[in-house]
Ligand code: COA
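This document opens with one chain alone, in structure tokens, the form predicted alone.
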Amino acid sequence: MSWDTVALEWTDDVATVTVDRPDSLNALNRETLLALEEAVARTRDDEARAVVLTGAGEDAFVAGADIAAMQEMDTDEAQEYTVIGHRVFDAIQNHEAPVIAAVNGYAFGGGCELALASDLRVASENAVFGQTEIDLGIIPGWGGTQRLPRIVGDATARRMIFLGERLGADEAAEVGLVEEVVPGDDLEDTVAGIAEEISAKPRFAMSAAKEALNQAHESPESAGLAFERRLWSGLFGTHDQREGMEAFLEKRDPDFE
């Protein structure tokens, strides 16, 4: 199967899934989310022993959800959009194989959440992370309010979400958001080496280890994710959501209520 906005490549038992919309900084619109879902399902069906997630080009891993596509959504459309995103990111988190995010460039909003759903995160020196939704009049809608504090701690998560703070690669490493920072030219080879090492480990033990680690947070997280979905979609149709996204697309400062 082929997709216009997502590429799937194999090296032995390692699958690499690339979001391929470089002209849009790999932003995740509905079509791309669904293609990503199919690609992730294919890696599961074909029994990948490790999965690499990355973005095309040098500017962005995934710059976020597609703001132009979100701007005119009503609450029902926003609810559908967040359900799809949660479904895809849950599939990544619950994949039998470890998933490694190779983060190059911007990882904002949904891009940061995509990295959070992965098991390991390796960043190039030019990577920048942020949960920047507050400046659009909304909140993280694909798991950020639940996964981010579990990874970086409550205080850092609150600063990132309340203030829309952006963290460079080294800052992200300091707070535990990424495990390793490497020069941009070394990112692909570094991640490939980690994936190859993982793929050589025993498949069933690796799957069991991942399931056991995920179990530590599964019950409370699922309730929090459901709550997040309701809050996120309920913000669509508000003045601040409309104004935030319109201002972004018009490249001006928003005038929030």
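One-based numbering along the sequence shown. Here the structure is a predicted model, which is why all the values come from computation and not from measurement.
Separately, the form predicted together with coenzyme A (COA) exists; it is not shown, and the next lines address it.
- Coenzyme A (COA) is not shown here, but in the predicted complex it comes within 4.5 Å of a heavy atom of L136.
- Under a 4.5 angstroms non-hydrogen atom cutoff, coenzyme A (COA) in the predicted complex has S24 among its neighbouring residues.
- Heavy atoms of A63 reach within 4.5 Å of coenzyme A (COA) in the predicted complex, making it an interface residue.
- In the predicted complex, T132 approaches coenzyme A (COA) with a heavy atom inside 4.5 Å.
- At a distance of at most 4.5 angstroms from coenzyme A (COA) in the predicted complex, none of the three residues I84, F89 and G144 contributes a non-hydrogen atom.
- With the partner omitted from this view, the residue of A208, A68, A216, A226 that lies near coenzyme A (COA) in the predicted complex is A68 [heavy atom within 4.5 Å].
- Comparing 100-108, 174-182, 119-127, 153-161 against coenzyme A (COA) in the predicted complex, the single stretch with non-hydrogen atoms within 4.5 angstroms of it is 100-108.
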